[in-house]
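Okay, here we've got a single chain as structure tokens, the form predicted alone, with questions on binding and movement later.
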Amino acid sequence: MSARATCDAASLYWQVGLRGFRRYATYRAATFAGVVTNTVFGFLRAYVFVALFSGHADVGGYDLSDTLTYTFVSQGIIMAIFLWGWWEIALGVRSGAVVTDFSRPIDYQFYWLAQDLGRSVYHLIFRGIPPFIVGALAFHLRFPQHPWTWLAFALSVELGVCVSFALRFMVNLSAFWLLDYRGVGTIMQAVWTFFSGFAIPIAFFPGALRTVSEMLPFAAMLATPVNVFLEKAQGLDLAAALAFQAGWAVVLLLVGRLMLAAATRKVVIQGG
């Protein structure tokens, strides 16, 4: 690919990303409702942990302040990571619109990834920051001590979005083979809600469960970004955490491309 073609492709996907940002920016009432919901659930989770720590000073290397920070950061980035209810590709498969999408002169997977990254930036800013600010006013939360942590956190969140997107992309593509893709989707949503560390921090898991969970891609979606914010990893450990996320993102996106290739052949066979 020539330099000009590369620049044109980058410009195209940049515009797709902006489209994803602007698309969700139009739903201001939904954003406000989402902020309220995320904040309320943040307080509900926070008081559960306050009760837990009334009899413990430390759980899995987290004190109460760490855990409350984990709670409100995870509530803030949850819609950026977008764990649940995304069926746009599957619905396109069911309606047949995917055939038109395949005919466009654009990489199908990169198109959706660019749009998802744009969406995540919007949600990170407008649905992520307010719940954290409210939580910080009500509780003693930890803020990063080093300025570069903020940049590492932003990068980690976007890598988490890439991992999340890769998994959601594959679940959506299952609609090419399954009549009830929502069944698989519901199971996967339960799995990554638990193993991502959203319901309970992975650090709270016992023994082998914690070890295995920290190696799975689900940890790269949410637990890793929050731990970066908490500065649980510094120096080489921070680089290793980001590499862990990037590695899973690349692997899962490649698997998704293999599924997409198989799905494309299926469309050709069925379409004649």
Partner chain sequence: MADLLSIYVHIMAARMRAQLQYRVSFVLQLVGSFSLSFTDFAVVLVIFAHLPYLAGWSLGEVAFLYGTSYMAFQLSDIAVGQLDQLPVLIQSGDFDMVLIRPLGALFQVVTLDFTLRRFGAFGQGALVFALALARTDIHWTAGRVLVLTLMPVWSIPIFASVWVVGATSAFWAVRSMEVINLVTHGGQLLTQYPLQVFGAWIQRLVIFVVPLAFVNYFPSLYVLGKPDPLGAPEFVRFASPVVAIVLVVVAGRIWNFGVRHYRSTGS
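Just so it is clear, the structure is predicted and the values come from calculations on it, not from any experiment. Positions refer to the first chain, counted from 1.
Below, we turn to the form predicted in complex with the partner chain, even though it does not appear here.
Checking Leu151, Ala199, Leu137, Ile129 for any heavy atom within 4.5 Å of the partner chain in the predicted complex turns up a single hit: Ala199. Of the listed positions (Phe194, Tyr111, Phe82, Trp87), a single one reaches within 4.5 angstroms of the partner chain by any non-hydrogen atom in the predicted complex, namely Phe194. Contact with the partner chain in the predicted complex, defined as a heavy atom within 4.5 Å, is made by all three of Ala29, Leu52 and Phe205.
In plain terms, the part of the chain that comes close to the partner chain in the predicted complex, with a heavy atom within 4.5 Å, is 43-51 out of 213-221, 43-51, 228-236, 66-74. Val36 belongs to the set of residues with a heavy atom inside 4.5 Å of the partner chain in the predicted complex. Put simply, Arg182 is close to the partner chain in the predicted complex: some heavy atom of it is within 4.5 Å. With a 4.5 Å cutoff on heavy atoms, Ala246 does not count as touching the partner chain in the predicted complex; it lies far away. Contact check for Val59: a heavy atom falls within 4.5 Å of the partner chain in the predicted complex.
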